[in-house]
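Next up: just one chain, as structure tokens, the form predicted alone.
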Amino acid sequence: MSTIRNKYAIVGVGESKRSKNSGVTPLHLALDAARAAIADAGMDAKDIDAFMSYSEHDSCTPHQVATYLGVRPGVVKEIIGGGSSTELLIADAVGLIETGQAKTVLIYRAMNGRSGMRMGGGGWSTDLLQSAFDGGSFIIPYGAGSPGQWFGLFATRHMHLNGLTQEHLGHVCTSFYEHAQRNPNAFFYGKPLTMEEYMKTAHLSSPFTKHDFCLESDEANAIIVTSAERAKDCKSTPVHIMGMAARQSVSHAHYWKNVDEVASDYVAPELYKAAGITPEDIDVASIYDCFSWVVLRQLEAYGLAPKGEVGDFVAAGNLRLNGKLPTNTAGGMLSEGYTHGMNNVLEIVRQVRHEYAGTNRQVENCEIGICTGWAGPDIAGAMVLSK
């Protein structure tokens, strides 16, 4: 993987309007995001020769998007997936370009995640869910029938072993809500959260309050990947891919045998080797945050906070803009919006470009950023970006 270091770049990012009820189709949202990313790159739609997307049976196809943009692509690809799919498809884009099968790839995620199919909507029968797993899930028989309940179980054990408290989760939430106050496009813009308010909020699924859950939103995001050579002709400042670890896994979350390991533990060494850096070189982070605890576990996995000291790390304010590792600076999925992580990638690209220079949203002197993806404790990917 080191042979592709800085040979490829993200040259365009864009998003649709974010809402709780878009009133339009995912295809409409995807086209809005795609056109914004193409304009950001200073390209014509016909410069794109590959289209990719991921979904949970809740979106439109890349073939549809290409057709509406008036393009006959050489490659169309769609996968079923949520978290960590962005990193996986960017790695696929690099592979297609590296092997000469494509020149420029547009990747998007479009969903009516609030007004349409809701990931956290619940209401599913645990008997039905149990039948979805061959041999049966190890955790559903205990009554856990939603992601909030599954992740609550995972979090509780890790927090017990590592001395993490409710207040430590609160530091993740209040930091990201604080960032959302600088982002007019965030759902929780104008709705700051204090630690006192957080601690008074009831649990929805222990140890999670409503603030510890990601938001469900109607929106689309898009990213354009091309070679560093082609990036020179783009209008935007290219953000280069220093290194990637597309996707690693450990035993399936519903048959989990070693609950003290997560896939991110295996992603981290591969990622840093590919990028040729250490965790100390990272200036800004986008950490997948479907639940607040997931951020704590990944900070530990990626060596961004010392193992056993991650609670102290976040309590010291290190996730805030003036901290050691400004993280999820648009508000993240806890307070900006939710597209299975792609909105976090858009933000890290803009930070590394210094797109917010001169405002109170820019992380000063940031040159290297990390994006992490997490489909669960069992599947993860990540990439390191720089100008």
Partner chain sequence: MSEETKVKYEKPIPLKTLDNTPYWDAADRHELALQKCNTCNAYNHPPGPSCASCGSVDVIWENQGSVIQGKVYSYVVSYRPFLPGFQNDIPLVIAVVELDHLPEVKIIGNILNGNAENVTIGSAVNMVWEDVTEDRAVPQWVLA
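Numbering follows the first chain given and starts at 1. In this text, the rigid core denotes the largest set of C-alpha atoms whose superposition between the two forms falls within 1.5 Å. For clarity, every value in this text was computed on a predicted model and none was experimentally measured.
As for the form predicted in complex with its partner chain, it is not shown, yet the points below apply to it.
Contact with its partner chain, judged by heavy atoms within 4.5 Å in the model of the complex, is confined among 90-98, 130-138, 176-184, 223-231 to 130-138. Among Lys191, Lys103, His252, Lys273, the residue placing a heavy atom within 4.5 Å of its partner chain in the model of the complex is His252.
Leu153 is the sole member of Met199, Leu153, Ile79, Ala316 with a non-hydrogen atom lying within 4.5 angstroms of its partner chain in the model of the complex. Although the partner is absent here, Gly145 sits close enough that one of its heavy atoms falls within 4.5 Å of its partner chain in the model of the complex. Interface membership of Leu215, defined by any non-hydrogen atom within 4.5 Å of its partner chain in the model of the complex, is ruled out. Within this chain, Thr165 is remote from the site of its partner chain in the model of the complex, having no heavy atom within 4.5 Å. Within 4.5 Å of some heavy atom of its partner chain in the model of the complex lies at least one heavy atom of His203. Superposed on the core, the two forms barely differ at Thr99: its CA moves less than 2 Å between this form and the one not shown. In this overlay on the rigid core, Gly135 has a C-alpha that sits 2 Å or more away from its partner position between this form and the one not shown.
Once the rigid core is used as the reference frame, the Cα position of Arg72 differs between this form and the one not shown by less than 2 Å.
Whereas the shown form places them at one spacing, the Cα atoms of Ile139 and Gly163 lie at least 3 Å farther apart in the model of the complex.
In contrast to the form presented, in the model of the complex the C-alpha positions of Asp260 and Ile140 spread farther apart by 3 Å or more.
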